[in-house]
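Starting off, we have a lone chain in the form predicted on its own, written out as structure tokens.
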Amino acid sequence: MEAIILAGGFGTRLRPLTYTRAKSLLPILNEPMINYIVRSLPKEVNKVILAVNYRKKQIEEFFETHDCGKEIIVNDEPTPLGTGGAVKFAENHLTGKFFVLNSDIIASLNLEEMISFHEKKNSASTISLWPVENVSEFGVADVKDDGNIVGFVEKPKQEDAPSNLINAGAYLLEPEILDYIEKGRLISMEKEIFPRIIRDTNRFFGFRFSGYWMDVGRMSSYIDVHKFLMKRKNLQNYIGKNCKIKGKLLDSCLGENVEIRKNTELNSTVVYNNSIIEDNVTIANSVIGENCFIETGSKIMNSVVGDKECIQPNSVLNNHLRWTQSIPNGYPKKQIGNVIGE
């Protein structure tokens, strides 16, 4: 059985961190995000097809040096193809029913149970469903008691919503679904393909699960997922190897070889490898990239500092993205493709 992991996006909402690395390789508790997805795969899945475009070589190098116990195929998309186009582009590697998974979702979804549900319902397409409080921000599933989905309502008013369940970004599809997808162009499964499957098959089901679900698509959620996973591990902070800490940390994660000097305080902050933060610095709700140098007396709030940046003494950054270097060729100014909930 195969799983397609969608890992081709630029991650524009996570820039400048994604100027220098693939979004799927952004660390969460010092481990690449995509590892969490691969580890969640059931034993039935023996082949993983990575739909990539941006930073393909980085992703290849990671899996060449890290054995995950499954065959890995890096499927290089010539251009971004969206969820539907990426699935069609992987068609030659598929042998039967298959998963399609977003690389930026951290969740408690049990994929073994999803397979059992799919087979019991004789489903053509099964998608994961997650309950939300504010339905007006999402596409909401109109789902019957048996799990059959008969439509989606986009960003409804609370009183008009058919349920509180949204598309949670994991799909289990039968090969017949491939016939719905045109080859070679950017296609949204969610907007273009799913409505046709619902109309034609009456075998489009939703698998509800509980526990946790986090879409790590924005900087706020990227910081939040660190705090959430640390809490699950009963850790106040997560600290990598060879760190030197003379300041104070709260709800923060440090990579390897990080220095935190005297009278410096970090709160809800992620610091990547090999960065130095000097004396009397305050940082909160922020991310500091690799090989950064934050000089004394600086205050950084709700900000992101890209790799290899130097922050001058007594600087104040608030709601700021710090990047003084060149932007990679071809990196878009806005998001390409579709967000799962849309």
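Predicted model only: the values in this text are computed from it and were never measured. Rigid core: the largest C-alpha set superposing within 1.5 Å between the two forms. Note that residue numbering begins at 1 and tracks the sequence as displayed.
There is also a form predicted together with a small molecule; it is not shown, and the following applies to it.
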Using a 4.5 Å heavy atom cut-off, which of 296-304, 48-56, 312-320, 283-291 contacts the small molecule in the predicted bound form? 48-56
Would Asp215 count as touching the small molecule in the predicted bound form under a 4.5 Å heavy atom rule? yes
Taking the small molecule as it sits in the predicted bound form, is Glu154 near enough to touch it, meaning that at least one heavy atom pair lies within 4.5 angstroms? yes
Does the 4.5 Å heavy atom contact test between Gly255 and the small molecule in the predicted bound form come out positive? no
Does the small molecule get within 4.5 angstroms of any non-hydrogen atom of Arg13 in the predicted bound form? yes
Can you work out which of Pro162, Gly147, Gly247, Pro80 has a heavy atom no more than 4.5 Å from the small molecule in the predicted bound form? Pro80
Between Asn167, Thr269, Thr264, Ser123, only one gets a heavy atom within 4.5 angstroms of the small molecule in the predicted bound form; which residue is that? Asn167
Taking the small molecule in the predicted bound form, would Val38, Phe99 and Arg208 all count as contacting it (heavy atom within 4.5 Å)? no
Could you check whether the CA atom of Gly247 moves 2 Å or more between this form and the one not shown, using the rigid core for the fit? no
Taking the rigid core as reference, does the Cα of Asn164 move 2 Å or more between this form and the one not shown? yes
Does the distance between the two CA positions of Ile115 reach 2 Å or more between this form and the one not shown, the core being superposed? no
